[in-house]
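First comes one chain, alone, set out as structure tokens in the form predicted on its own.
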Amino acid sequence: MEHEMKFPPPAIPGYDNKFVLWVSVILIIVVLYSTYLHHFRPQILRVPSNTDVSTWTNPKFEETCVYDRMSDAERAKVRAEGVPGNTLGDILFLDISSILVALLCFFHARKHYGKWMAFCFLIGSFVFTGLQESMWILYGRFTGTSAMVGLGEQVYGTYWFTKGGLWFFETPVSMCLGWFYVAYGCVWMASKALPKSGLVKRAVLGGLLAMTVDLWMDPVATSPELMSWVWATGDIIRIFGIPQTNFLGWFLLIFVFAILWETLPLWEKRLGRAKATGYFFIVVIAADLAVLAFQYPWCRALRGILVAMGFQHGLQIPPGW
């Protein structure tokens, strides 16, 4: 695991072009069907309304982190007008800008790592984050419970996104692409900051950089003015109004994905490009499930520590958020 990826693997035009074509077709079909379900058959996946917050369940509007951050006037406005920033212009701007930034990052990755590696990063990270987010969202929505563990209060549901034109299951395509370019930027910076270090050290730095970006980005995106996604209250520790599981998840996902992606050339040498690609995506999905499963014992252990220290309610850092 201490190798350094100095050169992109040589291109295999026949395989690379077919891989890009077929994966793109499959992804487009999934996105179009998910988008259809989300907008035109919302009852199937129980998509929360953006206009009538009184219908929200798992969590209810009063059980969300953003509700705690609002003034009475802001609560009244959301009840009357719904989630802000959901006009057609807002949605188009979000989707188009995300696609353009993702394309810039993809071209950069293709230049430095080749088409195959670049496309594996793009699609791998897209699927990795889209599945992870959607599993959390749908689990909380359909069960009414959460893998998060409250300290002095019950946790109802998990979270969901409120904005998006195109969707991958229950995750906006803009979020999947956003995760791609944040992840790629952080992994790239880690490779430049620690060019002679081992893969694990670079992956740790990439994860920490991504977690730092998310530390200032999420409190803004979940503010009463934007409400880009909605979190349930009751997690053990909230940092700037965001459950700590979110930041832990960002670190783990970037850390794990960076290791898997940089190991691709080694798998190719042993298995050939076609088998290495299949193996990569199978391991990505397995790692997704592993990261999800890790969150529950982590929360249970953290809860035990805080209870032993005498805390009776979840912590808010800083107080009042």
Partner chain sequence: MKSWRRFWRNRIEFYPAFSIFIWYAVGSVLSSLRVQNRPGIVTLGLITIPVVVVFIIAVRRAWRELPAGS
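Values in this document were obtained by computation on a predicted structure and should not be read as measured data. Numbering follows the first chain given and starts at 1.
The same protein has a further form, the form predicted in complex with its partner chain, not shown here; the description that follows concerns it.
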**Item:** in the model of the complex, residue 82 touching its partner chain (heavy atom, 4.5 Å)
**Value:** no
**Prompt:** Given that the partner is absent here, does residue 225 sit within 4.5 Å of its partner chain in the model of the complex, heavy atoms only?
**Reply:** yes
**Heavy atom of residue 111 within 4.5 Å of its partner chain in the model of the complex** = yes
**Prompt:** Closest heavy atom of residue 195 to its partner chain in the model of the complex, within 4.5 Å or not?
**Reply:** yes
**Asked** Any idea which of 70-78, 137-145, 230-238, 118-126 reaches within 4.5 Å of its partner chain in the model of the complex, heavy atoms considered?
**Response** 70-78
**Among the candidates 91, 186, 151, 166, the residue which, in the model of the complex, approaches its partner chain to within 4.5 Å (heavy atoms)** = 186
**Residue among 131, 199, 209, 248 with a heavy atom within 4.5 Å of its partner chain in the model of the complex** = 209
**Prompt:** Along 15-53, which positions have a non-hydrogen atom within 4.5 Å of its partner chain in the model of the complex?
**Reply:** none
